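In structure tokens, the next block holds one chain alone, the form predicted on its own.
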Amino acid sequence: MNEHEAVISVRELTKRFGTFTAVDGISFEVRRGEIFGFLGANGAGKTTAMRMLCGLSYPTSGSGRVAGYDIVTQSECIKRRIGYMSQRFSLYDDLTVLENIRLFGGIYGLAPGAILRRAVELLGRLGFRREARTRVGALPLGWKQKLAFAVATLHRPEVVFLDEPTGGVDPVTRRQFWELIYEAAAGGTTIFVTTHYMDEAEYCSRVSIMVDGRIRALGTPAELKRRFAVGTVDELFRLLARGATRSE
């Protein structure tokens, strides 16, 4: 797969719950190695859309492919080809750093020898060798976030979904975390990230902004700021969000 091919492709993707339309006919593509910011206020539908892309929920209508697999008929294949990290849950606090790496390596289907090699590489890259037998619950939040991202990419997935990954960490740690994202993207991994920090949206290759289940803006940060005559993505987000009629 070359850098111009779509790793994620969505056409008229829709999800209804009874009479409520959570995601309303969205279409977009994400290329290999791209950092794609998926933005929206609470209730916009972005979490529902991400769940469909991860193979955790079926669409009501429309189509989509992730890493070459159909989101309706090949969801189990998708789960093996992606990584996922959430602010809410990514690691087991009562297990050590090394135990978490081994556990997730097994879940991702890596052989024991491959897990050991990648664990050594990961611990060295993060400077965590001395913390290998430290329980994750005892680590500072910023360290946990870095480890969670590294574990999510342990099996070298084509796509990593990051659901508000930097929530609650300080600005310096957030910047360090984004350096890990840049490094992964430079290696060809596609990053699909949701965030409530609009300054982080400026770091993305492209961003989409959802309002009431629909994509209201899609493009590079620079393109969107020119198109809507605003100075920052935060101003753009506030401009579009004013028209929202629903919230979670």
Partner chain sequence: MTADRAIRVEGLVKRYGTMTAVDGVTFDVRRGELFGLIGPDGAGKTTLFRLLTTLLVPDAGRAEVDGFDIVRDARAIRARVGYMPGRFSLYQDLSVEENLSFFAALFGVGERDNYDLIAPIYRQLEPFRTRRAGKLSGGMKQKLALCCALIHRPSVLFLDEPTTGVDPVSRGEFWEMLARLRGEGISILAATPYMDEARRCDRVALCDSGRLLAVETPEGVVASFDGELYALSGRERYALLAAARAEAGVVACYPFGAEHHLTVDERFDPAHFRQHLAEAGFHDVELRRAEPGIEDVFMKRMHHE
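Residue numbers count along the first chain shown, from 1. Remember, predicted model here, so these are calculated numbers, not experimental data.
Only in words, not in the display: the form predicted in complex with its partner chain, which the text now covers.
This chain appears without its partner; in the predicted bound form, the one residue of 29, 70, 223, 199 with a heavy atom within 4.5 Å of its partner chain is 199.
Residue contact with its partner chain in the predicted bound form: residue 169 places a heavy atom within 4.5 Å of it. Proximity of residue 163 to its partner chain in the predicted bound form: non-hydrogen atoms within 4.5 Å are absent; the residue sits far from the partner. Its partner chain in the predicted bound form is approached by residue 141, whose closest heavy atom lies within 4.5 angstroms of it. Put simply, residue 41 is close to its partner chain in the predicted bound form: some heavy atom of it is within 4.5 Å.
No member of the trio 36, 118 and 129 reaches its partner chain in the predicted bound form with any non-hydrogen atom inside 4.5 Å. Contact annotation for 175-192: residues with any non-hydrogen atom within 4.5 angstroms of its partner chain in the predicted bound form are 175, 179, 182, 183, 186, listed in sequence order.
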